[in-house]
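Quick heads-up: it's one chain on its own, the form predicted on its own, in structure tokens.
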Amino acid sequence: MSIKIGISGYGNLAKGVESAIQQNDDLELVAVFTRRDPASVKIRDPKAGVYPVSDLADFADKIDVLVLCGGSATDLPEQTPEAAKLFNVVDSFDTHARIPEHFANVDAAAKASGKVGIISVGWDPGMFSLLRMISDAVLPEGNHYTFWGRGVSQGHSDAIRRIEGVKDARQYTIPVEASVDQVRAGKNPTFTTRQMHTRECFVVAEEGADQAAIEHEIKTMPNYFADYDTTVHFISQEELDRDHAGLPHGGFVIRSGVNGWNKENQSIIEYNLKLDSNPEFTGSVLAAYARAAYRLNQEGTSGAKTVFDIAPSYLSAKSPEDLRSHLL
């Protein structure tokens, strides 16, 4: 029996989820829900339908897990708790500073409905979060460092596009190479946020828009740009389409710690991702956690969860016997 999946939204991330579903025989896409005219949305899966978001309640008994693919700035804080009243849900909420608040809101809704809501799923937060936790447990005396990029941040790009006067935008996150070199050398430095990354923005402004006001709003945006050295370039739509059409990303988590009675031995753990397509990879992670949400709910679990709360075996389509035989 296939796990029946719905997707809310149909941007780049949702297309990545759709692509991931077709690679997993135990998952089936049932429906895509959109705020646009459904007739204008063309999906790849010929067996699934496209419906307005106002029809979500009609699918309460037809979908096992709803994957929410809206933006973290304004969509998911409202959409995920509301959807958790009807469905098991998975989202990719990535505003780190607001995760505790978002978790509490989803937890209340999901417990009331008897559903499971897995939040902040992706590679960061998500897989990188797991590696930070595991390496912290293994090397309790040390420091961890997370570097992102160089790559396009979907969440930050979306936040720019929400600014009045912005037609389109791409935002690149770039590690500061000198800081990376210090960490890999085992120096255990202490950095400010500004010393670890820079942000570079390519913005297409609406005709007649106040570019100075847009640049100021970008650079002072809390939780996104205010703590970073940020460069803003205003370019044409043609330039953006030509030079910034792809959505690559990646990054690495490093834990630098010590072992031994006298702390004489150094250990460095590094986990690295290089992604040609950020949304397709993130969609693959969301699909795996959709499987986990369904399995947990079948066991009677409810409430909000994060990647810290879920055993790895719940993510895999393989049986426990196969996992022990081939991957352990």
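Sequential numbering from 1, following the sequence displayed. Here the structure is a predicted model, which is why all the values come from computation and not from measurement.
Omitted here: the form predicted together with another copy of the chain. The next part is about that form.
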>> Under a 4.5 angstroms heavy atom criterion, identify the one residue in Val41, Val53, Leu273, Ala60 near another copy of the chain in the model of the complex.
In response: Leu273
> Though only this chain appears here, would Ala137 touch another copy of the chain in the model of the complex if you measure heavy atom gaps against 4.5 Å?
Replying inline: yes
> Is Glu264 a contact residue for another copy of the chain in the model of the complex, using a 4.5 Å heavy atom cut-off?
Replying inline: yes
> Looking at the partner-bound form in the model of the complex, is Ser72 within 4.5 Å of another copy of the chain by any heavy atom?
Replying inline: no
> Looking at the partner-bound form in the model of the complex, is Pro125 within 4.5 Å of another copy of the chain by any heavy atom?
Replying inline: yes
> Would another copy of the chain in the model of the complex be within 4.5 angstroms of a non-hydrogen atom of every residue among Arg35, Thr220 and Ser302?
Replying inline: no
> Looking at 128-136, 227-235, 80-88, 164-172, which lies within 4.5 angstroms of another copy of the chain in the model of the complex, counting heavy atoms?
Replying inline: 128-136
> Across 293-315, which residues bring a heavy atom to within 4.5 Å of another copy of the chain in the model of the complex?
Replying inline: Thr306, Val307, Phe308, Asp309, Ile310, Ala311, Pro312, Ser313, Leu315
